[in-house]
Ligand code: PA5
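Shown next as structure tokens: one chain only, the form predicted alone.
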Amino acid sequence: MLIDYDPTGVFLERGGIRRDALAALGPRLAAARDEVLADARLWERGGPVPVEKEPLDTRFFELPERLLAEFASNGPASELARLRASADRLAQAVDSVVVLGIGGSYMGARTMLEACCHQYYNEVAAAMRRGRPRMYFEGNNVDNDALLDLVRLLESRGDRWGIVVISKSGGTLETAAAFRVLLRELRGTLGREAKSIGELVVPVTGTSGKLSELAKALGCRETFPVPDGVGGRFSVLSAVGLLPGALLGLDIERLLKGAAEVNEHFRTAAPDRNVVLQFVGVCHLMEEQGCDVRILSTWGKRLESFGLWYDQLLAESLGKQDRGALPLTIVNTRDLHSRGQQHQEGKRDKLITNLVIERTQGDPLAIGRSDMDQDKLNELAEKTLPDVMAAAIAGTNKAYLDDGRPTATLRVPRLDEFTLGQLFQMMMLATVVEGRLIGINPYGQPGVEAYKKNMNAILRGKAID
């Protein structure tokens, strides 16, 4: 387990929690873990599911081990191998791929791009992308101008392009509408070859439903499943996230291995040494103290999309029954110059969790010496940008500590597929454990369904109940 969790900054005399309170919560955290594990076994056995636990979308838990075991035993016939083969085929056929999906159907893939790829991935030459296609994300809004500009961009470059469309049912209007528009545009670019459109469209969907039927009508060469028992925001380690990850040329096997290691740690580590349970315990106790705003403070630019993925995970899972903490992602040091003032001197309703990557992917850049020292930086000439970042983290945490502002820190030694898989699985497990701890079903999103129902009724001229 490479993730380290340090809650030292929450043990404050004023506005924090006591160490013995976290220790005393241990039996309840262990019981919540046992319930999560029992839920997973219940789903695998085929139920029956108690009414109060419906829906019970627990299959995300065993996905890493199942996919890895199938890959080891079935080789080229396994889902993991077929995902890689499909991604390689499409990558050779196109210059760009548009990934269509909303919420959990695209946020994990976007996280992979930003965390593990070149920071200007779509702008650099193909060789710097290792020959992989550019990747764009749409179908996550109904912004006319944004979609139109993407179409114009693809046309202006004369790109060969394809589509990965992700929707379990195909009924989500934002994604379905964008898919229809882009199918029309793609047919136009293919001209006489429009009959081959099924070669350039790869759906990830359920075994039945609107998108499944449309995929058959298009003659799509490959279609991959959104597994039963896996909710959208818990689907990043299924084909939903793995296919885009493979298109980017990422090592999706290592992504799954990182997640599988978290599962083993979660199952076996005692509450006082269990990163998942300690994280949940601190968040829960701080919320009981009135800190119901949870700030994920990502240091550096590579994990902003991970924070937004986690925002959805927490908000949709626990924002029910007039309860649930408010998640908020920030990027430092950038946001120290905007939100930092409020975090330092605003309402005492926030728990700040730092997410720190200890080593950069590239060589450290030194500030360096200059003949033009008007900026007075020669005295820092030997310092590197990672040195500046480390000083900013330490200085900010000291300022918060001095004013009694609670902080905790998640550290990973480096950012790659393995550690990203660990982060994904850790946060999904922490969310369902907290749901069981406080008596809220972490699965399902009835509030989201209400807006969908009203929007569709308005568009079709029907009365709203």
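Sequential numbering from 1, following the sequence displayed. These numbers were taken from a predicted model, which means no experiment stands behind them.
Although not depicted, the form predicted in complex with the ligand is the subject of the following passage.
(message) Using a 4.5 angstroms cut-off on non-hydrogen atoms, would residue 297 count as touching the ligand in the predicted bound form?
(response) Although the ligand is absent here, residue 297 would stay clear of it in the predicted bound form, with no heavy atoms inside 4.5 Å.
(message) Can you tell me whether residue 138 touches the ligand? I mean in the predicted bound form, with a 4.5 angstroms heavy atom cut-off.
(response) Close contact is absent here: in the predicted bound form, residue 138 is far from the ligand, nothing within 4.5 Å, heavy atoms only.
(message) So, residue 441 and the ligand: in the predicted bound form, are they within 4.5 Å at any heavy atom pair?
(response) Result no; residue 441 lies far from the ligand in the predicted bound form.
(message) Check residue 291 for me: does it contact the ligand in the predicted bound form (non-hydrogen atoms, 4.5 angstroms)?
(response) Result no; residue 291 lies far from the ligand in the predicted bound form.
(request) Using a 4.5 Å heavy atom cut-off, indicate which stretch of 368-376, 115-123, 130-138, 225-233 touches the ligand in the predicted bound form. (result) Checking each option against the 4.5 Å cut-off leaves 225-233.
(message) Since the partner isn't included here, can you check whether the ligand sits close to all of 104, 168 and 312 in the predicted bound form (heavy atom within 4.5 Å for each)?
(response) All three within 4.5 Å in the predicted bound form.
(request) Consider the chain as shown here, without its partner, and state which of 172, 238, 263, 305 has a heavy atom within 4.5 Å of the ligand in the predicted bound form. (result) So the residue touching the ligand in the predicted bound form, by this definition, is 172.
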